[in-house]
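Single chain ahead, written as structure tokens, the form predicted alone.
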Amino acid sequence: MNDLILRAEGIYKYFFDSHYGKKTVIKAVNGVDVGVRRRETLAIVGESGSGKTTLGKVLMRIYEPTEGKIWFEGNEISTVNGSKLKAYRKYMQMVFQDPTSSLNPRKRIFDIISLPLKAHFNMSKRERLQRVRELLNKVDLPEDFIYRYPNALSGGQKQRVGIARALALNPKLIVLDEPTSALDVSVQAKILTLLTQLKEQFDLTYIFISHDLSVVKNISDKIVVMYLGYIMESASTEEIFNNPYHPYTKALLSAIPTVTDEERKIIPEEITLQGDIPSPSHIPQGCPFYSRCQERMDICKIKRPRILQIKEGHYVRCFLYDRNGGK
């Protein structure tokens, strides 16, 4: 456990909404245990509404956990606030999904990237200017971008600015929330290459949130598959691609476009999921995936399967492998 830079146990995150006098509980994350090792890339994947972004924001302490504990470098940070939380912010940064909305359109690129430096360090403007130039160089942007506004940049360039801002404080951990989903395919590849280079250069640890397994295939070391706030399967990237167990994981893998014969051999035959992911305010009684699963059994409707280890480092929540378990 000593090599885990971040660990979380029993994480729940509920949102409470009142509409027309009726109170609704939105159960976004439900009892998640997760950990990421130093210099590792952990991918959290799932459809929209699976709870992956909410989990990422809870781990970053952007959202307060409803229940559960979080440790960073062995220190519990679940309840720290104020100056203590600010101190941890230097080591934990986030790159957001939409590069346009995450950058203030009224601020120049210098102001955007240097804001963390201004908040955390007593640096002169000249020192901050030099640091911003260095960061722009690291993300392959010209130095004269310092004087531009975000609306003068392309989507890929804006995302590079977001990455530079996250790097400003020399963090140890970066949460990347769908960092390529708003970009063209050719730009996606360049951003992924850049992230790989930066990880090696700065000894970074990544938590990479995505809905697309093909995006994380070559960048992640471990994959966690989420559905309706629950972890359905987790294992090394190699295991997930070569030996998927959960029907939901197989469905996600089957949606990956294939080009070579080798890819076709490991990708399951196409599985079309019927219907949409249920509302997190009305989670089914039994297995969260019951309504869309093609391999469902009677027990799946009435009991919720527990997550269990079926081989070293490979965990699955499914009655196909746990006939006597459940809650």
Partner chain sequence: MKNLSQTKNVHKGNISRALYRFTKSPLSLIGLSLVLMMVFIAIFAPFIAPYPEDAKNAVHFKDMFQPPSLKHPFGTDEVGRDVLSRVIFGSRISLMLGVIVLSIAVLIGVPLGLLAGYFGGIVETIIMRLTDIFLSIPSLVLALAVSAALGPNLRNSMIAISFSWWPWYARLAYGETLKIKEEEFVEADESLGVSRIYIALREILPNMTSSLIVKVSLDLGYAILTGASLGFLGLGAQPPTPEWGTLISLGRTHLPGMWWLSTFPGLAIFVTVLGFNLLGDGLRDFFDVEVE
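Just so it is clear, the model here is predicted, and its values are computed rather than measured. Positions refer to the first chain, counted from 1.
Here the subject shifts to the form predicted together with its partner chain, a form of this protein not shown in this document.
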Margin query: Taking its partner chain as it sits in the model of the complex, is Thr237 near enough to touch it, meaning that at least one heavy atom pair lies within 4.5 angstroms?
Written below: no
Check: Might Asp98 be said to contact its partner chain in the model of the complex, defining contact as any heavy atom within 4.5 Å?
Finding: yes
Next item on the list: Answer with yes or no whether Lys86 is in contact with its partner chain in the model of the complex, where contact means some heavy atom within 4.5 Å.
Entry: yes
Notebook entry, point to check: Is there any non-hydrogen atom of Arg38 lying within 4.5 Å of its partner chain in the model of the complex?
Noted result: no
Check: Which single stretch, out of 103-111, 223-231, 239-247, 73-81, brings residue heavy atoms within 4.5 Å of its partner chain in the model of the complex?
Finding: 103-111
Check: Only one of Leu169, Ile146, Leu198, Ile256 has a non-hydrogen atom within 4.5 angstroms of its partner chain in the model of the complex; which is it?
Finding: Leu169
Item checked: Contact residue in the model of the complex, from Ile62, Ile271, Ile302, Met297 (heavy atom within 4.5 Å of its partner chain) -> Ile62
